[in-house]
Every structure is written in C-alpha cells, then in structure tokens.
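Next up: a single chain in structure tokens, the form predicted on its own.
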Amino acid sequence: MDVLDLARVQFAVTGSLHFLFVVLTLGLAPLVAIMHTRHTLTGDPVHERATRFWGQIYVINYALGILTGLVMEFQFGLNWSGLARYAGDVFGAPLAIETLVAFFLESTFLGLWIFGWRRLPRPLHLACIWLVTLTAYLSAFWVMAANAFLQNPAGAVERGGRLVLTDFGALVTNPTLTMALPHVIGAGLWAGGFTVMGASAYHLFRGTAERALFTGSLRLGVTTAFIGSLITVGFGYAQFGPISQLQPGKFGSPPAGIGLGLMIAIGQPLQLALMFLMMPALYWLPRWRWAQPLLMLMVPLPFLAALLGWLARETGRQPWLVYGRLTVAEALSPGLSPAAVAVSLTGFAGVLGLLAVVDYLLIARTVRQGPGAVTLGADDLALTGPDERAPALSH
C-alpha cells in the first residue's frame, strides 16, 4: 500500500477500537444511574450491590477508553495536518468544546461519584452519576458535530484558502448530526443492554447466590436493549433521506454498501429477537436456563453492527475528507513515507489492541468474580489494615 492507504488504515483501525469503548460507555452510564436511583429511593442493598458491580465495569471501560482516545487524536497532527490547515478553525471548535467542557466535567463528576460513597449526601451522590451520564452524552454531541461537519460542511465558507465558521447554529443543527446522534446513542443503549443481559445470564446460568441482583439486571438489560434497538433502527432509516440529498450515491461504493448491508443483516434479526424476549424477560427468561447461553453468545453482535455502521458512514464519502471541499489526499501531511506510517500504524494498533484486550480481560474478570469482589464503594474500614483504622476513625 502507498502512504495514503496506510494512513487511512491506521485511522480506521484506531478509530474502530476507540469506538468500541465509546459505545459501551454510552450504554452503561444511564443503566448505572438507574440502578443508583433505585438504591437511593428504596435503600435496598440489592440495588446498591448492583450499582457498585456495574459501576465498576463502567469505570474500567471509561479509564481505558480515555487512553485509546488520546492515542487516536495524535494522528490528526501526524498524518492529517492538511485538515488542520484547511478546516481546523471549524472542525476543531466542537472538539475543543468537547474536551474543555464536556469531558472535564464528566471526569470531575465521575471522580466525585467514585470517591463519594458514604461521604457525600445520598441525593448529591446520585446527582453525580446522572451528571456523568449527561456530560457523556454531551461529549457524544460535540464529537458527532465535528464528524457531521466532515459529512456536510454547513455553517462555513472558504476565505483565503481555508474554511471559516460563519454560522455556529448551522454547525450544531447539521442534518447529518440531528439524525446521526440519536442513532449512535441508540447503538450505545443497545450495546450496554446486551452487555448487562449477557453478564447477568452468565451468573444465572451458573446458579449464582445473587439471583435477585442478576434477575433484575437481566430484565433491565433486555428492556434497555429493546429501547436502544428501536432508536437505532428508526433513526438509521431516517438518515437515508438527508444523506441521499447531501451525498448522492454514498452507499454505492463496495465498502459502504457491504458495511450497511451487513449492519442491517445483524440489526434486524436482533431487533426481532428482542421483541420476542420482552415479555418473557419480565417473567420467565431468568428461569429459562437453556436460553441463557444464547444470550451470552449474542453480546458481541451490537458492537459488530456499530462498527459496520461506522464503516458505512465514513467510507461512503470517499474520496472526500470534508465532503465537496477537501479530499483525503489533500489532507495528508506532506513528507510522510510509507515506512514511517507503517511504523506508527504498527505502534498505534498494537497499543490500542493491547488496551482493548486488557479492557476485555478486566471486565471479564470482574463479571466472573461477581459483586462480592467489587471494590467500588466498599466500606473504608473493610479496605484498611488494623494499624490504619485508628487514624481513619479519628477523622
């Protein structure tokens, strides 16, 4: 491959791996907030253990997802400096807002939630996790606003050989954003629901002692996945109208067409399966031992569908990076050699691949060990040695 193909492959690999973390984060955040709300309103210890268990999985995925995002963003400066020169004033604005406002607030509230167990008043502690969820979705909005600009450079005009933002309102109401954002949020709920559903089925299949916890989690997971599937499929089809007007023939290219076709082939049967599972989930599904291995095997499918949808969205506008304004070849950094890009491709893909494996292993270990081994929100006295307890009590 030449240097352009290598650079494209590099961003596709790192972007895809990062997107897996993002989808799970968007899906798990509201579920953990719902569980915490139940605990705050009822005081039921089962809801507290559920919140801590799924919250620890959320924190693991969030922490490693941050690292994958940092690795991915290096490529804008390394390989695609032409994008910064031509459209950085517009493309960089929503990304800067996402980092300086949404991400920093999300991290702050998450830290307060992690370390606020039995320190903050219950209503305030509950508010922290809901603010984490809100700011996570706010981050998704700004990132999708930047991506929507690449799909349809609304609100910008060319002056002096570069794009300048003239209408901020057009940027944030871009038709390729207003339909795509709910589609991505629905995909996150779909993936998060399946993750909760599959892990709960695993424990029920093993005959866990925490049957009440995982029965409730299984029902919540199926319900969330069903709602997510409705949002994803509905807004997925709703995008065809605006996209066909703004990017005629977008899905005519083989990569985009194949990605779209496979995504539909996975998504539609899953939605039908969820429709049939909704009523049994409320009553019989936790008792159907024969169905629980099937639920475990279905967990990767929403993630695969999400990647295929991303493939269709991004490759369908080739050869444009900023549609109709800047080609991918024009955005490539000058002076790059195939050897240099191959080395960075190997390094970035290796780092992100390792982070993805570590994320999976840590989550799988947490799921396997169950709520009893969770340290998030555990009593300080249970985590300190005898010599450390007296100073802790004196405060």
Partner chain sequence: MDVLWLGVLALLLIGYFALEGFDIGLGVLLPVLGRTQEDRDRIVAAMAPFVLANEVWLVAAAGVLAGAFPSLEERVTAEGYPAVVALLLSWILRDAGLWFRRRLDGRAWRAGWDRVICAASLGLALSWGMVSAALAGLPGSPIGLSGLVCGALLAALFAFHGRTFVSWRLPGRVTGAHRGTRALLVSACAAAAPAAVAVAASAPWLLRHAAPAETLSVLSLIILPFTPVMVGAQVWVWRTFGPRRGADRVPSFF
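Positions refer to the first chain, counted from 1. Bear in mind that the values here come from a model prediction, so they are computed numbers and not experimental data.
A second form of this protein, the form predicted in complex with the partner chain, is not displayed here; the remarks below concern that form.
Just one of I114, A212, L246, I266 has a heavy atom within 4.5 angstroms of the partner chain in the predicted bound form, so which one? So the residue touching the partner chain in the predicted bound form, by this definition, is I114.
Sort through I231, L304, I97, V299 and report the residue having a heavy atom within 4.5 Å of the partner chain in the predicted bound form. By the 4.5 Å heavy-atom cutoff, the listed residue in contact is I97.
Just one stretch in 320-328, 304-312, 188-196, 121-129 has heavy atoms within 4.5 Å of the partner chain in the predicted bound form, so which one is it? Contact criterion met by 121-129 only.
Using heavy atoms and a 4.5 Å limit, would one call L31 a contact residue for the partner chain in the predicted bound form? Result no; L31 lies far from the partner chain in the predicted bound form.
Partner contact for D359 in the predicted bound form: the partner chain, 4.5 angstroms, heavy atom: Yes - in the predicted bound form, heavy atoms of D359 and the partner chain come within 4.5 Å of each other.
Against the partner chain in the predicted bound form, would F226 count as a contact residue? Criterion: heavy atoms within 4.5 Å. Close contact is absent here: in the predicted bound form, F226 is far from the partner chain, nothing within 4.5 Å, heavy atoms only.
Considering non-hydrogen atoms and a 4.5 Å limit, does the partner chain approach N147 in the predicted bound form? Because no heavy atom of N147 falls inside 4.5 Å of the partner chain in the predicted bound form, the answer is no.
Quick one: which residues from 334-354 get a non-hydrogen atom within 4.5 Å of the partner chain in the predicted bound form? In sequence order, L336, A340, V341, S344, G347, F348, V351, L352 come within 4.5 Å of the partner.
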